[in-house]
Each structure stands twice: as C-alpha cells, then as structure tokens.
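For reference, the chain that follows is the form predicted alone, supplied as structure tokens.
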Amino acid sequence: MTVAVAESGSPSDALVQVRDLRTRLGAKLIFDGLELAVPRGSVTAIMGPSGTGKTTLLRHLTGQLRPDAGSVRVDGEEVTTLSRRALFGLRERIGYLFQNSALLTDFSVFENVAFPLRQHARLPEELLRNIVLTKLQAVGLRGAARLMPSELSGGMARRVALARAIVFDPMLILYDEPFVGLDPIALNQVLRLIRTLNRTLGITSILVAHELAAIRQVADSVCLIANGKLVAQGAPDELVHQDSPWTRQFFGGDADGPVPFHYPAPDYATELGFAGARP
C-alpha cells in the first residue's frame, strides 16, 4: 500500500535533510530509503514503533554513525563526508538532551553546565560564570547552581541537562525521549521550555518521543517512521485523524497491524515438532 506523506518544506528552508538513507546494523535493516526534512525554527517529533531507528537517526545527524548509503545534510553540510575536524565543529552547533539527562554525578549543577565551555572554549572565569548563570536562569534553576545531581528531582535534572545543551547557543537541539519518567508538573515545565527556547533563541528542535499528548502540545509536525521509511508526516492533530493503517495502529495503540505483534519466526507447529501430527 502506498502511503501519502506530506511535503516537509523546500530545501532552502530545511535545516536537516535526509535523502535515500539506508542503514543496516548486523542482520537488521534499519533504514530502507528514508527521506525527511526538518524546517528551520520548527519543533519536529520523530515517532514510530520501538526498534525502528529513531535514536539511530539522531546518531546519523551528529555523525556518530555513518549510513551504508544516502545523504544526511545539516545546515547545508553533508555529514556523511565531513572530516573529523569539521564534524567536531558541526557538533558544537548541536545540543543534545539525553534520555537519562547524563549529568556528571561528581560535579555540581553549575559545573555540569560549565563542562562543555571548559572543554571547548577558553573563557575568562567571570564570563564563563555569567554564561552558565544565564542558561540556568533560562531553565529556572539559577538558585540550584550549587546543588549536586543527587539532590535534584527527575524534572530538575532534565532542566539542568537542557541548560547544558544550550550553553553554546546551538542552532539545533536533539531530544532523545525527553519526557520519560516526568511527573505532570515537570513534564509541563519541560514542554514550556522547549517551546520557549525554540521561539526566543530561534532554535530548531527534533524530539524522539512516544507521548502523543505531549507531542500535540509542543510539536509543529510529526514524522512517523516504520519499516525503514517515512510512512506519514504532518501536524500532530492531522495525523491522529489520518486514515492510514500506520497511523491507525500507532496512534490507536492496536497490538497488530502493519507492525505485526509476532516477531518473524518459523512455523509454530513445525518448531514444536507437531508437523504432520493428527489432531
């Protein structure tokens, strides 16, 4: 069945462009001609069944993983062919929010946010201090600068990680499951931060997430990936009501459909040794 996929913007207004991406990890085909584009200044959600390569896509965008074939362009640069030096330069313009926040447990909140600056920039201590406090202020945690990660709630840790992700004023932020484990208050705080930072700093955001209710509040568009391809794309509210087997199964939560419940396996009766047996 052919599934209609909405256009995601012309090349001139796309910060991220993926064309004919093909990736195999071991015996598993992850991407089989994936095509998508992310407009500048947008909040785009990448959704799909587990194991379809959503986090793998983020790794392609940062050059951590090279595809077997295809093109991955970020801000006009072909990531698949960048030199090591150029790739590091690109990564400094990309913020990354990890699913578990990935805070350094032996460092204070202040030093966690300061860490990228200390590693990649030679700044006077006063300037570094002002930058860090500005980022903590942006996420509402300037008063927590001296706390240790063990003293933070899950939502606070996620916000500290977000402050660290924006410390270089990136053009693009990649969020890997940013809503996992958050209570409703912390979730709404993170949602507000994502939207506010996108608007005030002109950032482009890509979110890998499964929480449809949260995505409907924050995302401009959703890219639904399955079977190695982009199977649906559009505004969240549009996709929920789109009449395709992919959107019906994923957003309806059906156990079976285009994505089967059973993992491919030999014939059940044959494997149990019952082939040819009489009932």
Partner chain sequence: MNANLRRNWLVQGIASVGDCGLFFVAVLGALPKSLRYWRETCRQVWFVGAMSLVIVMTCGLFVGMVMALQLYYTLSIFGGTAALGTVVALSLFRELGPVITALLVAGRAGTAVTAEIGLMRATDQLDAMGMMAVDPLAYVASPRFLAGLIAMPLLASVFNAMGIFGGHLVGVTWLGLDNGTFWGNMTSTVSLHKDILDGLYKSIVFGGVVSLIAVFQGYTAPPTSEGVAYSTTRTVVFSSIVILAFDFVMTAFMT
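Note that the rigid core is defined as the largest set of C-alphas that superpose within 1.5 Å between two forms. Numbering follows the first chain given and starts at 1. Just so it is clear, the model here is predicted, and its values are computed rather than measured.
Missing here is the form predicted in complex with its partner chain; even so, the following discussion is about that form.
Enquirer: Is E92 a contact residue for its partner chain in the predicted complex, using a 4.5 Å heavy atom cut-off?
Expert: It does: once its partner chain is placed as it appears in the predicted complex, E92 has a heavy atom within 4.5 Å of it.
Enquirer: Just to confirm, S244 within 4.5 Å of its partner chain in the predicted complex by heavy atoms?
Expert: No, no contact at 4.5 Å.
Enquirer: At the 4.5 Å heavy atom threshold, is R40 in contact with its partner chain in the predicted complex?
Expert: It does not: once its partner chain is placed as it appears in the predicted complex, R40 has no heavy atom within 4.5 Å of it.
Enquirer: Do T62 and its partner chain share at least one heavy atom pair within 4.5 Å in the predicted complex?
Expert: Within the cut-off, so yes.
Enquirer: Decide yes or no: are F179, D183 and L201 jointly within 4.5 Å of its partner chain in the predicted complex, with each residue judged by its heavy atoms?
Expert: Contact check failed for every one of F179, D183 and L201.
Enquirer: Want to guess which of 220-228, 206-214, 54-62, 30-38 is within 4.5 Å of its partner chain in the predicted complex, heavy atoms only?
Expert: Only one stretch passes the 4.5 Å heavy-atom test: 54-62.
Enquirer: Heavy atom within 4.5 Å of its partner chain in the predicted complex: which residues of 175-204 meet that condition, in order?
Expert: Heavy-atom contacts within 4.5 Å come from no residue here.
Enquirer: Once you line up the core, how about Q189: does its CA shift reach 2 Å between the shown form and the other one?
Expert: Comparing the forms between the shown form and the other one, which are aligned on their rigid core, Q189 does not shift its C-alpha by 2 Å or more.
Enquirer: Could you tell me whether the Cα atom of N100 shifts by at least 2 Å between the shown form and the other one after core superposition?
Expert: Yes, the C-alpha position differs by at least 2 Å between the shown form and the other one.
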